[in-house]
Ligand SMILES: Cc1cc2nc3c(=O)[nH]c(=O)nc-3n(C[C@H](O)[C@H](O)[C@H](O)COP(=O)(O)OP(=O)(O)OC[C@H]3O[C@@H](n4cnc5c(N)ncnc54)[C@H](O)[C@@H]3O)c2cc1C
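Below you'll find only one chain, the form predicted alone, shown as structure tokens.
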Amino acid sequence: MLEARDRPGGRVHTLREPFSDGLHTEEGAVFLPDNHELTMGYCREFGLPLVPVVERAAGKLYHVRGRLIRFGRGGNPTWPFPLTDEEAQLGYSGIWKKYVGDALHDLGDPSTPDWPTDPRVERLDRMNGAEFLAARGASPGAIALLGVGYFDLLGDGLESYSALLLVRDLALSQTPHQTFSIKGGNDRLPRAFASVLGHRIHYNSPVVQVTPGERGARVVVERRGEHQTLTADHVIVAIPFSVLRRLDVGPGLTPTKRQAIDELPYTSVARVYLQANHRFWVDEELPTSASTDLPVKWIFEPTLNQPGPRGILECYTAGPPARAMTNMAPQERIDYALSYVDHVYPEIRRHFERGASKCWDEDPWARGAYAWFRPGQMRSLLPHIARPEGRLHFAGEHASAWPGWTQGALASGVRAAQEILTAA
């Protein structure tokens, strides 16, 4: 196994420095839903203790159009969006059910390799997320409201990505009863795999060339400044396409595979972590999660289940604002995040101690956080992403039905291994 980094895990990585009291947070994958059977199964196999993610205070905060709104503690807040009379009566939950939840029936099984088989579902790939909601009858105000939060953390926002991608993700997310994290950090899972593989993992070994073949495959790897050529009966390529397209791959790839490698987009994500000397939001009984229309799109506490008086608030930003933050110096990112978080949690500056950041676009072995699809790309690219090319097999979250999830990476690895066993 060739690993470009000096550690296992890739985009599953727990950040422990520079925080105090043993606090930690995640640079990559955060949540492990209990309906992700492979993820849960491997955690059990390795004996990794799971901690349920349970918020301390009820509800959620929204900061939209200059207003701070607490939602989910009874009542129906007045939203600063031009909703229809019916939408105003329905409230947020009713709007979600009418325009989103009711559309998730009869989609088939999105986890199967040949999905979708129904042309009525496939046509969703011709429209973006906002067009999908409009087609369901949502007013511009309702679309703007639904676009704050989860829908705004994929690609470049609701108007950028395929509606088919949206409904697939939501359909696969319908059944979890509880979400977990791994006690001590989610990177304990890849480290458990690594402990089993031992010396078979070669760290600091970036691949510079991959050549497929009918009877084998060749890989050129850089080690200590020198190139070494390796040959194998089969090769599993788990490199994100955002990185793979910068390498020398081929000749021999089919045009459709080459197109998928060259064109698959990855979401720009910037994450800023703000350590506070005291969890003041608990004293104020504030929800530990906030969605905003500010550049810091999602604010939450990743240290919910960790002991001690201190805590961390994380700002999770995607799309164009994330690219803007990536262009800042590290301290500038922290100052920038603080200037917006205090719109939602006004006491943050008084209690702030130190911060850190992670911008996935600048990571040379990721070049983005997770794959997404523009309208039309699920029909044009999806069938070719995971398809083997000669003795090359492809794995990673992008080569699964769960892009952005640990479950997707694991499922793709199992599938690639089964391809090799079948070929043998």
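The shown structure was predicted, so the numbers you read here are calculated from the model rather than taken from an experiment. Numbering starts at 1 and runs along the sequence shown.
Another form, the form predicted in complex with this ligand, is not on view; read the next lines as being about it.
Within 4.5 Å of this ligand in the predicted complex, a heavy atom is found for none of L146, A324 and H343. With a 4.5 Å cutoff on heavy atoms, Y370 counts as touching this ligand in the predicted complex. Under a 4.5 angstroms non-hydrogen atom cutoff, this ligand in the predicted complex has P206 among its neighbouring residues.
Proximity of L313 to this ligand in the predicted complex: non-hydrogen atoms within 4.5 Å are absent; the residue sits far from the partner. Interface residue remark: G28 is counted as part of the site for this ligand in the predicted complex, having a heavy atom within 4.5 Å. Picking from 332-340, 94-102, 238-246, 77-85 the stretch near this ligand in the predicted complex, with a 4.5 Å limit on heavy atoms, gives 238-246. Here is the short version: of L164, V296, V269, A290, the single residue with a heavy atom within 4.5 Å of this ligand in the predicted complex is V269. Checked against this ligand in the predicted complex, the candidates A416, L15, V12, A401 yield a single residue with a heavy atom inside 4.5 Å, and that residue is V12.
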